[in-house]
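The form predicted alone is given below as one chain in structure tokens.
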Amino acid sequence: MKYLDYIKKWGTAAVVAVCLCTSCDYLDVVPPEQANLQHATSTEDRALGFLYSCYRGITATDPTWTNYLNEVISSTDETVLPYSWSADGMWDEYAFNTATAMNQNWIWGTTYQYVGQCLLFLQEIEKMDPNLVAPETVTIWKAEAKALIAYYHFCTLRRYGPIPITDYYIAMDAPQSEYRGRYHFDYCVDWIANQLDEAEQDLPTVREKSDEWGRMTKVITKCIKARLLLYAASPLWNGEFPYPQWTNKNFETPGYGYELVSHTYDASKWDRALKACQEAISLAESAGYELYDNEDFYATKQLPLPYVPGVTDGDITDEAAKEKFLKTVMKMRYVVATRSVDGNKEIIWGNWNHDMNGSYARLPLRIIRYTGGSWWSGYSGVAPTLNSVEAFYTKNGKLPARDPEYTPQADWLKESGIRHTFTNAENQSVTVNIANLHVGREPRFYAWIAFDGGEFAPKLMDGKPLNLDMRNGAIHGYDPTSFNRDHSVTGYLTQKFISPSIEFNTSGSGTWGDDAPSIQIRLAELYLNIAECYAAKGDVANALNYLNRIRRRADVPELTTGDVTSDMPIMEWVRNERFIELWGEGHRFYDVRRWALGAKYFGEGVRRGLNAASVTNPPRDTFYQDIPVPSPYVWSNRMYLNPVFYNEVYKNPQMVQAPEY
């Protein structure tokens, strides 16, 4: 039975078969023994299923791109959702600062639940008949559980800051004096890092069997540790935490007393993070991981090269250069839309838990009319901001605002003179004069950002390209009468994570294209992590070395030391490259927080878009306006941390609430 099949099987029966805890409280992480707990390790198959049930917490604690209503995905400045969706999911509480100790997203309870599940597994596996499973296999299983315990603690740490550490059972009848409070942040980091080191010793470097894909390996644990230490070295936890008076009252951390966060800068944290990043990259590369660079995969799917304004129909006379550019666009789409069996050796760890609503939310409104007259439609709700659009580089590898050869900023939204004529979903001939801002950009922009007049997918419309007609209220634009609450707030859509092979037919049939995992760790992140460490240490040459690996793969001109200026220092290059390369993959929520830049990027009036959600069938000059997103986004420093559920503080005298909650 494959790992994924085990997850499905044991996920539905876990409470009964392997005794997942039923409480959401940290103090109740260890469930009382059930009548059939003794059977959980009575056979090899059951024991392995027990282990696999420990992995299920990953889906809940590390949301994938398909979970578009989760705050990690949809409360940042990358994309915005219609304000009419604010009653759905938890995204609005962390976009509009309305989270409280009553309505926060209870990640805390989930992570500690699965910590308890892992601890229970480690306890019960010791009772297993030693003749059932080879000792070396049991050793690996224990290491997996230990790595998961560390990972779940890390997931809690990055959301809540200092946390209790659970490394043994807390009896249900334990006196309050034995309850643990929050440990100092640095103590938590050290403990998690040590747990990962211990687990790594007994894990395989990689998983050779396809049915083991996604299980813990040496490479994965090294990558988690590198990310952990990068976060710990970042400004929020390295001297810039905004609440110096926040301390414990009744619980002391060994060596730290009541203090919860260090408030002085420590350069050695960057040294430690750099070492961990070097080790992770070295092991990953030696294990065969590499940046995805297949420029011809699209051809194996019998797809045409995409339409790119100014490239397909521009004045480029070098046909080889034109083909190279268009192939790179397709390659970058497939970075996140292919699997290891397709030759993608970049994905180190992924998640197969897909909710198709995540794809619907990204697709345009009306796509194709069925033979019977009804429409196949998406939700058109995941809308990239103008902030995102402007962050992608020009074809010269510079920010549009800093490229002297690019169109002046005052003219970005004006007509470029490049007219794209296509047949829309109503079988009408449409001509869109492409905006200047959408011409002369780098390949990743065209791979992941969809705009008015641009191509969304090459065969989505019954084998023909679907091009966006974003001002037409009957097709892809704003029309609350026809589409109720579904529309793009900013005038943009994204095709990142959407397979280029997606196709729907008039008969009602179709295909979602290639199935790929949601990425949790890929090699590009490792290169960006180490570049950030070098940048923090002032080592420009080494930072550029790793940034340029990312840029070369994306066919973006490499940076030189001359590009690093007082106006665009090396850390800004690193942060912007991270914004682009990891766009929409769930990093931005944590990155902006750990950089202590919440007000700058997530503050009131910061998110911008086109004037796409106020007028039906707007004239061009009305649509192409740069306006703030019409939603009550706001930032407060308390949003650097999640609040703890009120009952956790009420029942535990050692626990203190996050500041200002």
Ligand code: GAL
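As the structure is a prediction and not an experimental result, all values here were calculated from the model. Start at 1 with the first residue shown and count on from there.
The protein also exists as the form predicted in complex with this ligand; that form is not presented, and the subsequent description refers to it.
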Give me the residue from Y379, W237, Y289, Y334 that has a heavy atom within 4.5 Å of this ligand in the predicted bound form.
Y379
Given that this ligand is left out here, which of A613, L69, V592, A47 has a heavy atom within 4.5 Å of it in the predicted bound form?
L69
Within a 4.5 Å heavy atom cut-off, is W85 in contact with this ligand in the predicted bound form?
yes
Is the gap between E585 and this ligand in the predicted bound form 4.5 Å or less for some heavy atom pair?
no
Taking any heavy atom pair closer than or equal to 4.5 Å as contact, tell me whether K127 reaches this ligand in the predicted bound form.
no
State yes or no: in the predicted bound form, is some non-hydrogen atom of D486 no more than 4.5 angstroms from a non-hydrogen atom of this ligand?
yes
Pick the stretch from 521 to 529, 478 to 486, 198 to 206, 300 to 308 whose residues have a heavy atom within 4.5 Å of this ligand in the predicted bound form.
478 to 486
